[in-house]
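Taken one at a time, structure 1 and structure 2 that follow are two forms of one protein chain, written as structure tokens.
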Structure 1
Amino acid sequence: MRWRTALSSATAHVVALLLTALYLVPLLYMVMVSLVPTGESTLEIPSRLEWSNYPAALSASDFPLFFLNSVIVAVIASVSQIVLSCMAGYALAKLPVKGANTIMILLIGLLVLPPEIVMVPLFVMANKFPLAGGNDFFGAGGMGLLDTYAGLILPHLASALAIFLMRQFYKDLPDELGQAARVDGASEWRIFLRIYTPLTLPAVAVVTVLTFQSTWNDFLWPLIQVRSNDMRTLQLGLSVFYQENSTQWNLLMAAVILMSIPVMAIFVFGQRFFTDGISAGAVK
């Protein structure tokens, strides 16, 4: 019996090590390529570690401007999704909303739709936005929200996944908390802000990390709607390393590693809440 337990434990450890290697090998290769001197092959061990690739990658284009654009878009989108998903999740879970079940079915349906499907409607909405970017009241005559911060943030203001997650967390909180607060004369806003929402911090951390990561790494929507160099995000800025006949892989990998630092910092900062939220969601 004891040898079976030991064999099972050893098998689990081997599988865990293989899965870890599956993720670590590409990451280590990316770090190695970022340190390859210019002119050397990226398929061989570099003759020396070229740390100057990192400052060279940052100076290759307007990366401070691209970084600022990405931060503005990711922060505003994260705050918007947290606020709207908390309010919508609370309403669907704790308030007598007419058609709440139908709304939930529609939200779940949105989760399975690939984002590429809505790119054309989103582009038309941004281009025809009334009274913006030179447009008249009927959305004609100008560029609308194209090539603006508002246009970059528009698709990330709300998320079906964030609303679904928050609704599930609010639904599992006991109704007696709200009933007791109402007996004491608390308003619905006070119950939402002071009673229930502080108990959903793990879920808020999950929504924050997922939203920041998806917005930070978004490439397709900025590629479609950004026209000027001043509105480029970091993902679009990477195109400077692509040339007609070759690609500067060492500088490209150095830039990608530097771009990953804010997302990793967000995860490390909210790691405790994030893992609590994932664990709580797994047992619902």
Structure 2
Amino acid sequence: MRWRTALSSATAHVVALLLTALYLVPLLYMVMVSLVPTGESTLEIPSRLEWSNYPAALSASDFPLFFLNSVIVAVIASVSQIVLSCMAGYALAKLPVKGANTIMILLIGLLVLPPEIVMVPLFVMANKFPLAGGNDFFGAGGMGLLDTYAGLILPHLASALAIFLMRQFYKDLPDELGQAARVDGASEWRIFLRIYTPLTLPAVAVVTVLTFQSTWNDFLWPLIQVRSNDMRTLQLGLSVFYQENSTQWNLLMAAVILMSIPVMAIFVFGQRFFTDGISAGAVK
């Protein structure tokens, strides 16, 4: 029996190592190719590590500008979602709200709604937005919100998932906290801002990771609504760069690595909160 356990453990380790290789090898290849000097083969160990590929990749297109655009969109969207989901989540969890059940059913319904479904009407709405981008009061004549930061952020203003997660978290905090504060004469705003919300930091971390990642990695919406080079986000800028320079793999891989680092860092740091967050809903 003992040697069988040892054998099965050894097999498990071999399988796990093979699986890990399936992930490690492509990622290491990506790093290696990003350091290959231009003109050298991507199939051999490079003769020297060309670190200047990274600054070269940045200056090969307007990547610093695209980076700034992505940061602006992801940060504003994250702030908006955190503020709105804390407010709405708290109200749904702790305050007597009319129609709370209906709103919860609506939120759960929106959880599964693929964002692609609303892209076309949202595009029309952004395009016909009154008095913006050269439009008249009836939304005719100009581009509306297309090709602006407001347009880029629009679909990410609020998310049902963020509200839902925050509501679950506030719900698990004891009601007695608020009742005691009310007896002491604290206002409703004070109870929300000073008593409950500071306790929700782990949930806010989850919402931040989710929002930042989904806006940072979004592709379809920037693709359809951005017209000018100056408004491109990183994902869009990279896909355009690839279409125009499909053979410069060393620069492409350097760009891929540079633009994946922010989300990967947030991901690894937030992993503990995050894995708890994503699995909680599925298992319960």
Partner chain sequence: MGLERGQRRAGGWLLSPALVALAVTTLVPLAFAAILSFTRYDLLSDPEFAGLDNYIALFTDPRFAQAIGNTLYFAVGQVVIGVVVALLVAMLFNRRLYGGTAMRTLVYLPQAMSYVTVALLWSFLYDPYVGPINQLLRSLGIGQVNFLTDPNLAMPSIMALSLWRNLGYFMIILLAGLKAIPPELPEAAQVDGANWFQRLVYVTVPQLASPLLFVAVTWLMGGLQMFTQSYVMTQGGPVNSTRTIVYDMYESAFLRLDIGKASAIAVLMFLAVLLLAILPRIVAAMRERSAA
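Just so we're on the same page, rigid core means the largest C-alpha set that superposes within 1.5 Å between forms. Keep in mind that this is a model prediction, so the values were computed, not measured. Sequence positions of structure 1, starting at 1, serve as the residue numbers.
Between the two isolated copies of the chain, the first is the form predicted on its own. For residue 219, a C-alpha deviation below 2 angstroms is recorded between the two structures after rigid-core alignment.
For residue 229, a C-alpha deviation below 2 angstroms is recorded between the two structures after rigid-core alignment.
Relative to the superposed core, residue 259 undergoes a Cα shift smaller than 2 Å between the two structures. CA movement of residue 43 between the two structures equals 6.5 Å, with the two forms superposed on the rigid core.
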